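Here we start with a single chain on its own, the form predicted on its own, put down as structure tokens.
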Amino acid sequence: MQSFMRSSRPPDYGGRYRGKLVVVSGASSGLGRRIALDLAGAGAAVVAVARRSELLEKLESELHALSSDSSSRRCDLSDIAAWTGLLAEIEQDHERVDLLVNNAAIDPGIRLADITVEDFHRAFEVNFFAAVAGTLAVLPKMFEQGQGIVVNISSDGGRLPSPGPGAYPASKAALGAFTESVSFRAAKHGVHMHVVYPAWMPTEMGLSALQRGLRMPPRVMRRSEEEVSRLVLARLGGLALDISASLFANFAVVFRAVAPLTYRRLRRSW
């Protein structure tokens, strides 16, 4: 990985996040928590959003120590009306949202033999529709201002699905397609859209997948939350749509396209 990931000193990214109003969903743990803290450390006013009150309270105190204008708001993103209403309140209170990080996600963790259509609905509600609703909520003001950033956290499973029931990777694949499609129009208004492929991380969700039988990915497909957060913050606002934490995953996407039968044979046992 790049040299800034090996540094123990938190980067400030040239001051470009200083004074920015940032909303991060799914901020109570994992990558969302790390991104929220790193943005606050870089001078942003962060509004951390999640459904778990206890974790949010602890995070808010840490955010305040880094950025006094930061705060937290409890919201279950499966309630789309509550989520868009919250974004409207934040935009009204602060007059803008400079950066939206759609990170909230769930994995049903249910076997193919047991999963139902309702489980798919729940996964898509949080992983896809909440991100879509959040994006559509902030874009008008960003278009009016001629600037802004929306980053949607996807998964390598969305472009390289593993054997399983398919709810989680399907929702993440849809998120990637949505982000790419909207990015062409958003760019004309000065708004940057990004989709993040963070590799496997030892988060609550990642470790839970291992407990359910997922094989530990090879080292070249594993990253820490700190590594991914720093990569994302370093690249936000750039020309690239995709922010991928693993070159190996990028090569696997190409391999899948040029040698699909061989890829499928290998993937079945991965």
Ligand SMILES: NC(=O)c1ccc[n+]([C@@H]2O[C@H](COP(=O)([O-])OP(=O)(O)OC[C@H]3O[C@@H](n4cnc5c(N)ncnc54)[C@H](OP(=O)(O)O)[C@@H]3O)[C@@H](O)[C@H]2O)c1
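Numbering starts at 1 and runs along the sequence shown. Source: prediction; values computed, not measured.
There is also a form predicted together with this ligand; it is not shown, and the following applies to it.
Check your understanding: If you check Ala173, Leu160, Cys75, Ile90 against this ligand in the predicted bound form, which one has a heavy atom within 4.5 Å?
Key -> Selected residue: Cys75.
**Study point:** Residue among Ile243, Ala45, Ala42, Met205 with a heavy atom within 4.5 Å of this ligand in the predicted bound form
**Key:** Partner contact (heavy atom, 4.5 Å) among the options: Met205.
Point to revise | Partner-proximal stretch of 194-202, 110-118, 93-101, 134-142 relative to this ligand in the predicted bound form, 4.5 angstroms, heavy atom | key: So the stretch in question is 194-202.
Practice item. May I ask you to check whether Lys58 falls inside a 4.5 Å heavy atom distance of this ligand in the predicted bound form? Key: Lys58: no contact with this ligand in the predicted bound form.
Point to revise | Partner contact for Arg51 in the predicted bound form: this ligand, 4.5 angstroms, heavy atom | key: Yes, Arg51 lies within 4.5 Å of this ligand in the predicted bound form.
Exercise for review: With heavy atoms only and a cut-off of 4.5 Å, decide whether Ser224 touches this ligand in the predicted bound form.
Suggested key: Outside the cut-off, so no.
Review point. Just to confirm, Ile80 within 4.5 Å of this ligand in the predicted bound form by heavy atoms?
Key: Contact with this ligand, no.
Review point. Heavy atom within 4.5 Å of this ligand in the predicted bound form: which residues of 108-128 qualify?
Key: Contacts from 108-128: just Val126.
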